[in-house]
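Coming up is one lone chain in structure tokens, specifically the form predicted alone.
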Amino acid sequence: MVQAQRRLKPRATGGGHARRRSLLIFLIPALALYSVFIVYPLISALEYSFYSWTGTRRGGFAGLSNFHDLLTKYPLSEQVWRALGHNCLFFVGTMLIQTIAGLTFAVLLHKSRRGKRFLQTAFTLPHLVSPIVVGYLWSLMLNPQFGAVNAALRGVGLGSLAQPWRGDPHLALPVAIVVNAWQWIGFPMLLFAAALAGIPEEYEQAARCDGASSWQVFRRVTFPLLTPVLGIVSVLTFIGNFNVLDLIYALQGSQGNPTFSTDVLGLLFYRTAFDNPDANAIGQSSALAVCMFVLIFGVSIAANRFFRRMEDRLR
């Protein structure tokens, strides 16, 4: 018996090594792509931000002067804070719309029997389209002269509500928020639907036996159990909205028209790097990219810890 066990040990160890090699073989391509397209650009941007540049020629070590220019050198000092404020509004507006609508659709479809798969697919389809394509399509539909939105309003007798949606500084950013939420509403809906399907029916039945109404069951039982999904949606929405570039670019151009009312950090980075007449464009844009990474990474970590604490309280 002892001899048989001794014979089996090398085979088990060899099988473990073979399994590790197999996992490593499958992970290496993904790790290589991640390193080339994510890690290397991040390290390069961090390196570039500490040097002065003349066009594409690197000069001497500049220390923190590029970061100092972002806060003190006009017009960057004004544009950075304005773009950051627009990003915050963009995130809050998108989060409210897509979370409320996505959760509502998920609850309604969870109780529905007919057309559930079709409606889930229909709500998710915009999520599969490139944001720049969505931006260009909506820019056509929002055109004040031949756009479908104003034409539909005039067709139903609401021509007084027709607006230059993309040309009004007070409407341009809210319109961009609605378009962004419309595209991504299917993502939180699917996550909430999966979470709802995982909640045991006994919880609702027990609350019903205690005399709870439908709203009380949702507020006291269902919604707290959706906290993990709410955390995932919040963090991913924050990351996506603070990296937004293509949708705003397609809707309002690289200047964040009209009059920079839709300018965001992604557009500012693009202009600083490629449309900036300053000779030190690479250094300043790299410094901005590093600041964006630190902000997004730091807030994401803090939000993740916050929602984990909320989850622990539910256990």
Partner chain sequence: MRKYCTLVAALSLALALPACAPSAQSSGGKVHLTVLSWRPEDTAGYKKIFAPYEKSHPKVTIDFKPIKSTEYLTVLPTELKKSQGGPDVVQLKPYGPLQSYVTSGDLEPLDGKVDVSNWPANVLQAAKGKQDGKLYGVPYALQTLQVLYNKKIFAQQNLQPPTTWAEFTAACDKLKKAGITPMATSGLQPWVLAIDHQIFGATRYGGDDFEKAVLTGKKNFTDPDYTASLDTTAKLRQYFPDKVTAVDYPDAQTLFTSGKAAMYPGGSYEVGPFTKSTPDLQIGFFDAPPAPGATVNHPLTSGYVDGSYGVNAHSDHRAEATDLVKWMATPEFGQLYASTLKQISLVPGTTPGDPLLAQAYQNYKDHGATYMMVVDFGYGNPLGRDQEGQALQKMLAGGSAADAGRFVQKGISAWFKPNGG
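Numbering follows the first chain given and starts at 1. Fair warning: this is a prediction, and the values are worked out from it, not measured in the lab.
The protein also exists as the form predicted in complex with the partner chain; that form is not presented, and the subsequent description refers to it.
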Q. Does residue 150 make contact with the partner chain in the model of the complex, using a 4.5 Å heavy atom cut-off?
A. yes
Q. Does residue 66 reach the partner chain in the model of the complex, with heavy atoms at most 4.5 Å apart?
A. no
(Q) Quick check on residue 223: any heavy atom within 4.5 Å of the partner chain in the model of the complex? (A) no
Q.
Would you classify residue 162 as touching the partner chain in the model of the complex, given a 4.5 Å non-hydrogen atom cut-off?
A. yes
Q. If we take heavy atoms and a 4.5 Å cut-off, which stretch out of 241-249, 226-234, 200-208, 120-128 is in contact with the partner chain in the model of the complex?
A. 241-249
Q.
Do any residues of 56-73 have a non-hydrogen atom within 4.5 angstroms of the partner chain in the model of the complex? If so, which ones, in sequence order?
A. 56, 57
